[in-house]
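For reference, the chain that follows is the form predicted alone, supplied as structure tokens.
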Amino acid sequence: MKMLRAMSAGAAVFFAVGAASAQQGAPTFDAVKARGSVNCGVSTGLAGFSLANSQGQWTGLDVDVCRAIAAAMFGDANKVKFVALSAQQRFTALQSGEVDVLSRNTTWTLSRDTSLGLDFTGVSFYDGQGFMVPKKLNVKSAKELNGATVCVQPGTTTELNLADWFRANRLQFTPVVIERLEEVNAAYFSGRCDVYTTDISGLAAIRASQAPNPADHVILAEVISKEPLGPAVRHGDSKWADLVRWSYYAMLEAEEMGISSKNIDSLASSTNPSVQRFLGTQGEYGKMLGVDAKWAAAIVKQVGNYAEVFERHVTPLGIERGVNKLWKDGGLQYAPPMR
């Protein structure tokens, strides 16, 4: 009995400490709730991921991750302010509080996770770095690029990967380092560089949206790095990190369960316990996150599941799901159980 009492007391202390920590970890959550909108850091313009049209309306996979967060938080996916950030600006903007979340084709690395005061909340797109060259060069392999001039952005994992790969393969190259994405694109398409290197998704997006004739450019087969891209928040904001994390996982879970924006309304009378939990008619999962019980349903109704988002924005670039398929389909995308 003494042992039982001691264990009970220990458990009480544990949960009390946990509750206190949760309260201390809520500054961004509380600020966003009071403001009534999410400040989301995105790319300055990358087709398929974050791109603004002439009316200033943003679209893309990274954009929809932020819209999902707003849908979960407020029941309204439009309560987002998008802040366009260059590769050099993005981390400072998050650290300083200019944005609440960074959803901007950013690679999760050890140094960024530990030294920059960031927490990555998931991988919204598994990618890898590659090379694009003009078709007229008749290059078949990246190992034929000895002596090439290569366009690359500074302050990115791309810059380090590029140097590492050429050194490892005992090849020479001349980097053309340009900060602004628009200027990098212009430099490559004007012939200032022989090669353009960045994430393969970025190369496909740039070729599709910026090339005068996309067929004139080839993305080589080599993938020289792992680039897990996903949203990041400030370290220590546990309550906010939970909401950002589960907003993304809800899109994956919905796809796995066959719940989409097209059929979600017809599932209201479902007796499937998993569906009921997702729709918010069973359990208190919204309360655990500090939001409405129908937070996940709001995401799917207003934004869609992961497959819908991918097909809407990424598939038109000619990029297949590949490793971004669900785990049950042979991919890497996997949501922890929502229970």
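Computed from a predicted structure; not experimentally measured. Just count from 1 along the sequence shown to find any residue number.
Absent from the display: the form predicted together with a small molecule. The rest refers to it.
**Student:** Going by heavy atoms within 4.5 Å, which of 224-232, 67-75, 132-140, 245-253 lines up against the small molecule in the predicted complex?
**Tutor:** This holds for exactly one stretch, 224-232.
**Student:** Give a yes or no on whether each residue among L46, L85 and G155 has a heavy atom within 4.5 Å of the small molecule in the predicted complex.
**Tutor:** Checking in the predicted complex: L46, L85 and G155 are all within 4.5 Å of the small molecule.
**Student:** Can you work out whether D199 and the small molecule are in contact in the predicted complex, taking contact to mean some heavy atom pair no more than 4.5 Å apart?
**Tutor:** Yes, contact at 4.5 Å.
**Student:** Taking heavy atoms and a 4.5 Å cut-off, does R112 contact the small molecule in the predicted complex?
**Tutor:** Yes, R112 lies within 4.5 Å of the small molecule in the predicted complex.
**Student:** Indicate whether the small molecule has at least one heavy atom within 4.5 Å of a heavy atom of N105 in the predicted complex.
**Tutor:** Residue-level check for N105: yes, a contact with the small molecule.
**Student:** Taking the small molecule as it sits in the predicted complex, is V150 near enough to touch it, meaning that at least one heavy atom pair lies within 4.5 angstroms?
**Tutor:** Taking the distances in the predicted complex, the answer for V150 is no, it never comes within 4.5 Å of the small molecule.
**Student:** Tell me, out of V123, I264, L220, L181, which residue has a non-hydrogen atom within 4.5 angstroms of the small molecule in the predicted complex.
**Tutor:** After the contact test, the surviving option is L181.
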